[in-house]
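Form predicted on its own, single chain, as structure tokens, below.
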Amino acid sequence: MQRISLEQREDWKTQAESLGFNFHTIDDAPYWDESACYRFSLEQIENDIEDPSEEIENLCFEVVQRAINSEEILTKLAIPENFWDYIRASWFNQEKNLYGRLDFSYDGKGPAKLLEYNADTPTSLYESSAFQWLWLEQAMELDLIPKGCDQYNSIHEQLVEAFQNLHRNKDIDGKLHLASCQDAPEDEGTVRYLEECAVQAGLETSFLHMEEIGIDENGHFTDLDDMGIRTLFKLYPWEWIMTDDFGKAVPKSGVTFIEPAWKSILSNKGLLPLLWEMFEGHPNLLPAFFANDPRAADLDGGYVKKPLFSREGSNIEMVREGEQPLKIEGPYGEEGHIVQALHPLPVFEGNHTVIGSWLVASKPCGMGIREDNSPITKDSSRFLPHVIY
């Protein structure tokens, strides 16, 4: 694994904007950054990223199976009691999931260590899938990288196939509605890309914002044309739904949600101590405990304290021995915390680098890389492409 400085394509911003990738720059700072790329060997990808991702996904299914049958665990996860039966039903009815992203600390040498699972509303999808692949093809054409390079990236093809399977198996019945929040360009860009994949799969689709969803007199959800919503992809966290007034109507709405409600167990940082409790010593897991667990005090070499529902690095606190704690401010924490053993991100030329391993329909299929000047990855962290050669 190497970080290689590169010449940028002269017209990449024009291309990005013509393709709808409008969040390539955030607050006048680069988000998409092709001034460098990361190089991997095929063996590193297959053995250290792809295989562990599939294994961890299967371990996560065992966690869900345990959690839905345990009131104690559901309480620890701060999941409202009025949603417990609904979550159980989504699991027992085998409601299908679409995608997720496992975030790893990996330096190219040792086992990749799981930091968290973005199982419900992961972003950085379009840039991982389509724009990164476009960069690969053009960078080879322009001799910016050697001819014959490859990339760990079949995300787009797997998304289209997953939508085809959902359609074929009647998991999507009729029109697929897709929604994100207003005034959230990255979220909307992600959802519109997923809509494009669904259209390529032969589905009829309709985009709207979460704020535009209505509820009729029978408790059914409706779109802007007052048409009923039967299947809804929502880039809107389950923990928000469960505490919204809107959410009270969800269990009886008759809507099939993507991601399904059982994904709320995996998108919760409480997944990390549950995984460690069930599979302690697994080479890709870090010791982790709920914050009120006495064993949390025994972690050596520093720790990271994370709210159960934190996103984009918010309210993360990193404590290293002999150093001032590093903390990112944000709105999370009242729901409770977990504590995870510190496993610092590798640093390449001053950049702290995290690997995002994508799964579609629970199968690993690609990778995205983020880097930051800080040890904590945030929503402003840069996205860099990767190559295999």
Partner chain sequence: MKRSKSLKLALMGASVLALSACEEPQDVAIFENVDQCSQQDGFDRSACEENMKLAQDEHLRVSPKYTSVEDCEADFGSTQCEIAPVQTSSGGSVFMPLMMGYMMGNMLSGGSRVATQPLYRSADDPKSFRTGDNQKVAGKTGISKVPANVAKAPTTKTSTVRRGGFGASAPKMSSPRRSFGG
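Residue numbers count along the first chain shown, from 1. It should be emphasised that the depicted structure is a prediction, and the values quoted were computed from it without experimental measurement.
The same protein has a further form, the form predicted in complex with the partner chain, not shown here; the description that follows concerns it.
Using the partner position in the predicted bound form, report whether Asn82 sits within 4.5 Å of the partner chain, counting heavy atoms only.
Result no; Asn82 lies far from the partner chain in the predicted bound form.
I'd like to check something about Gly247: if you look in the predicted bound form, is any of its heavy atoms closer than or equal to 4.5 Å to a heavy atom of the partner chain?
Output for Gly247 is yes: heavy atoms within 4.5 Å of the partner chain.
Using a 4.5 angstroms cut-off on non-hydrogen atoms, would Lys305 count as touching the partner chain in the predicted bound form?
No, no contact at 4.5 Å.
At 4.5 Å between heavy atoms, is Pro331 in contact with the partner chain in the predicted bound form?
So Pro331 counts as contacting the partner chain.
For the interface check, one of 294 to 302, 277 to 285, 74 to 82, 123 to 131 should have non-hydrogen atoms within 4.5 Å of the partner chain in the predicted bound form; which one?
That would be stretch 123 to 131.
Within 4.5 Å of the partner chain in the predicted bound form, do Ile56, Glu259 and Phe383 each have at least one heavy atom?
Spot residues vs the partner chain: no contact at all.
Please tell me which of Leu345, Ile45, Val360, Val339 lies within 4.5 Å of the partner chain in the predicted bound form, judged by heavy atoms.
Answer to the contact question: Ile45.
So which of Ile215, Leu144, Ala89, Met318 gets a non-hydrogen atom within 4.5 Å of the partner chain in the predicted bound form?
That would be Ile215.
Given a 4.5 Å distance limit between heavy atoms, list every residue of 341 to 379 close to the partner chain in the predicted bound form, or none if there are none.
Heavy-atom contacts to the partner chain in the predicted bound form: only Asp379.
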